[in-house]
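Consider the single chain below, provided in structure tokens and representing the form predicted alone.
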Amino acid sequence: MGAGARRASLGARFERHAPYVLVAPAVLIIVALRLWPLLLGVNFSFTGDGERNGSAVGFDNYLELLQDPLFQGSLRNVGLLVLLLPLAVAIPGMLATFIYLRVPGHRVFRSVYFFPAVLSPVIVGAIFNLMLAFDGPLNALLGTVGVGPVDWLGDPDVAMFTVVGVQIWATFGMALVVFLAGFASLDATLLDAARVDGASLARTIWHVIIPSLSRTIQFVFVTTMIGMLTSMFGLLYVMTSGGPEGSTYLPEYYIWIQQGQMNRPALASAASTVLFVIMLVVGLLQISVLRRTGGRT
């Protein structure tokens, strides 16, 4: 084999292996900082706390979780988040549509809508604590139109909806940016054809925009759900501290209580494992449903 042939062979071999070499650092980081700690946490969830610290207890922690009213309430709130998820995705989707269609002032709206996303959850929670207080400005405004004051954060039937509403307001700016990025790949001729055919805005959105942005919608659904399950701790801590009567507990807040206040790390690990499984199952179901309703992607 000549020198030229050897160089060609080495070049071909390098091209075959180059992608794996380039991806390897990222894979190692994910394994070392994500997957390995996850496996350690799952293993730790089968050990005991307190007097049984470090000893194997089987599924005792999981059985205790199922019997804990606070954890049961947190799972019910997860179900509520799943039901409200379409609203959390539809709001930024509609606003991004209006911005893409260049409604008057769309450049200003783009900045205004994204502004809450840069605020700390603690700051957002403190602001809305003042606004939603029983004697706060919102109830004062409702009083001017003859509506009685609402205990937004003190009523167990209302508090969770209030916190979720604040979460949607505080985070939809990121989903808005993702939708706008999706619109950048949208074929404008499809919209022009819809206008020529006299399609209404609702029909254009349903028959043109949604099918064209099916991948973007899938991504926003999954990331929004993960964010609602794992990024609401700051709001819960500042606005309700899990109350009233445990009505605003979510698994992440329950995990913090068990780990930080009750000193039960093994039980917290079990709750973390349950939360991971919930996110995995919900994410896969969302992708499956969206693919079926959106057609081939």
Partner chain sequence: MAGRHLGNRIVAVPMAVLALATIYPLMFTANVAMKSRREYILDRFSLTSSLQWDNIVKAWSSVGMARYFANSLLVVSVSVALLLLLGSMAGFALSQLRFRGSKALYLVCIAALLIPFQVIMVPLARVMADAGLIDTYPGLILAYVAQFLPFTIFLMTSYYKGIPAEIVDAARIDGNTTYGVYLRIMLPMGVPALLSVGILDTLFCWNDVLISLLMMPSAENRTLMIGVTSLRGQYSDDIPTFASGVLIAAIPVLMVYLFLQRQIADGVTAGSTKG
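Numbering follows the first chain given and starts at 1. Just so it is clear, the model here is predicted, and its values are computed rather than measured. Basically, rigid core = biggest C-alpha set you can superpose within 1.5 Å across the two forms.
This protein has a second form, the form predicted in complex with the partner chain, left out of what is shown; the following refers to that one.
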Requested in this report: Decide yes or no: are 85, 147 and 211 jointly within 4.5 Å of the partner chain in the predicted bound form, with each residue judged by its heavy atoms?
Outcome: no
Query raised in the report: Heavy atom to heavy atom, is residue 60 within 4.5 Å of the partner chain in the predicted bound form?
Result: no
Query raised in the report: Quick one: is residue 73 in contact with the partner chain in the predicted bound form, heavy atoms, 4.5 Å cut-off?
Result: no
Query - Exercise: residue 98 in contact with the partner chain in the predicted bound form, heavy atom 4.5 Å - result: yes
Query raised in the report: Is there a heavy atom of residue 248 no more than 4.5 Å from a heavy atom of the partner chain in the predicted bound form?
Result: no
Query raised in the report: Going by the partner chain in the predicted bound form, which residues of 131-157 come within 4.5 Å of it through any heavy atom?
Result: 131, 135, 136, 137, 140
Query raised in the report: Does the C-alpha of residue 37 move 2 Å or more between the shown form and the other one once the rigid core is lined up?
Result: yes
